[in-house]
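Before any questions on how it binds or moves, here is one chain, the form predicted on its own, in structure tokens.
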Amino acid sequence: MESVQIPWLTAITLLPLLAALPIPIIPDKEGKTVRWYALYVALADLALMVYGFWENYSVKSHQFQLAETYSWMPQLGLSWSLGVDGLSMPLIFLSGLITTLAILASWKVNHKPRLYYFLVLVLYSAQIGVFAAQDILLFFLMWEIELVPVYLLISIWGGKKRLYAATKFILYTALASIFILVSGLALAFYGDNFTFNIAELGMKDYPLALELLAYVGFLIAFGVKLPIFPLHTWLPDAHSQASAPISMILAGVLLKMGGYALIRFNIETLPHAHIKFAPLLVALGVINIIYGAFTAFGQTNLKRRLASSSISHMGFVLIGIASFTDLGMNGAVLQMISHGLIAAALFFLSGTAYDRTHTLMMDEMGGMAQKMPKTFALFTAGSMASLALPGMSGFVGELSIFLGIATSDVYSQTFKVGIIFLTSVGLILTPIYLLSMLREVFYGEANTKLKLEGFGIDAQPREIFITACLLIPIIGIGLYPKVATNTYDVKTIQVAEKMRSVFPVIVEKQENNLNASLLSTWQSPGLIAPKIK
């Protein structure tokens, strides 16, 4: 690891948390001062990220960079250890962008504004800490800290059923987090070299039985956050009851923690177990895609439909990380970045629609296109990105995953054809439920009651600016994917190569023929079953 004189990551991680502490004593009666204060803090942290990464981060290295390690509780082996690589750096920046925009989207919050912005800033620090932590106990601590602000932000500023949604969220995620602690401690205490350092955990030689048990524990914990079917049921409730800015953070950042952690722990740390579970991840990815798409059809609540869409889109991440190819792994990370931007835009716009109509029920809307053309145009652009229209980031990410699984040499031809066919069904369903959503919300005749309530006020400059800040990178990545892929390409290739190195026969054949068949290594059609050394 490289050492740096300036503790960039510590500053980036702790700035929002430390800045949140004085909020209770800031003189402010109506919340105007505190909202500007929170926005300035978020912008300052985002500026630190841009400058720190621009000056000190090299896209040509797959090693951890800007590494910082400070002894915390040496008698217990605990340390404040941070570092970034191609997996974490773009997600940290994504967290900074979306959280800053979410604070700007919260401009009209007037109920307990001090507590609201305090919790958002604490959540900001915890998000960055999850992605930057290089100590598994520090990772667990940040993972747990992040749960408390989300619970409170939903239960205090949510909808009519906010307590139910918040309680369901905390029960699912907190109980699942126990598996992180148990699996992490099992890996840390195994062998003679006791360590909590994540990189050093990946260098240990574990028995296969321990790898499999730890893998299952991590999969449950991270599968809840991703979310993976059937651990997903908290998500539609949380999204439907959370305010639009909190939904932006939920969909744009928190779901990505699950995908990031799967790659960091399940793949990098437990490669032999991943070989055994990879077919299951592919199958679960397909189920996510199809189940999420069909569920979206049955939702009449706008945000519940978008939440079901998120479940469907995150299924592609599972397929990508289980493909064992450079393209697939690259596409999985790009899908996380892309979905974070797209989902944040759509959930923000759903909040904009709610502000005008005071309802999220699509059958109670209608006729908004004529009265609110700017909102309609922005919502349509976000929906086109979500259905993977060529020229937008969603298309590039999903295409990479398709090509990755199609060119993988570790699955039979029959298995790959079946997976691609079933995944294509989900792709066909996606534009149908998104376009029908646009039709219900924006076409037809407007509800008379909505007209009486001031229906028809179009998107304001602040709302257009927030959406544009998300749509510009969506289109930019779609037209020139290297804007995003250059930041993590070296790392994803290294992860994929590490996985393929477990298959010495595959590595040899891939050099000669990318589509070589490996039927001789399989014990059953379509499943990976190599000999584990």
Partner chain sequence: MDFSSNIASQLNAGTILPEGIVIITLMVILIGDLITGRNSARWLPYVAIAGLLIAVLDLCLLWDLPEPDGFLGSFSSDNLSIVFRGIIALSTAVTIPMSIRYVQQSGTSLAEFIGIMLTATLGGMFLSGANELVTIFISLEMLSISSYLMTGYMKRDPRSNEAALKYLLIGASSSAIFLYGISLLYGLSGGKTNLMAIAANITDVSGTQSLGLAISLVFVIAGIAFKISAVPFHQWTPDVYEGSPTPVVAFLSVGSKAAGFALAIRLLVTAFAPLTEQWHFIFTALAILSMVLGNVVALAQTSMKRMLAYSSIAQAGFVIIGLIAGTDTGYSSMIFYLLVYLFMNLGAFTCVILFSLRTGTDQISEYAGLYHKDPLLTLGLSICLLSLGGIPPLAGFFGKIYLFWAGWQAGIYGLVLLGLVTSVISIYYYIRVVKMMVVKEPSEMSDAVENYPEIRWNLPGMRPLQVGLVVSVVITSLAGILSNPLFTLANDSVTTTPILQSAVVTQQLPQETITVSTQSLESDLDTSH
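What you are looking at is a predicted structure, and each value in this text was computed from that prediction instead of being measured. Numbering follows the first chain given and starts at 1.
There is also a form predicted in complex with the partner chain; it is not shown, and the following applies to it.
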> With the partner absent here, would Met73, Leu152 and Arg162 each sit within 4.5 Å of the partner chain in the model of the complex, counting heavy atoms only?
Replying inline: yes
> Is Lys108 close enough to the partner chain in the model of the complex to count, meaning some heavy atom within 4.5 Å?
Replying inline: no
> Does the 4.5 Å heavy atom contact test between Phe189 and the partner chain in the model of the complex come out positive?
Replying inline: yes
> Going by a heavy atom distance of 4.5 Å, is Ala209 a contact of the partner chain in the model of the complex?
Replying inline: no
> Should Thr359 be counted as a contact of the partner chain in the model of the complex, where contact means heavy atoms within 4.5 Å?
Replying inline: no
> Of the options Thr167, Thr233, Thr380, Thr407, which one has a non-hydrogen atom that comes within 4.5 Å of the partner chain in the model of the complex?
Replying inline: Thr167
> Quick one: of Phe402, Tyr215, Phe196, Phe376, which gets a non-hydrogen atom within 4.5 angstroms of the partner chain in the model of the complex?
Replying inline: Phe196
> Looking at 412-420, 176-184, 267-275, 426-434, which one sits within 4.5 Å of the partner chain in the model of the complex if you count heavy atoms only?
Replying inline: 176-184
>> Can you list, in sequence order, the residues from 104-136 that come within 4.5 Å of the partner chain in the model of the complex, counting heavy atoms only?
In response: His111, Lys112, Leu115
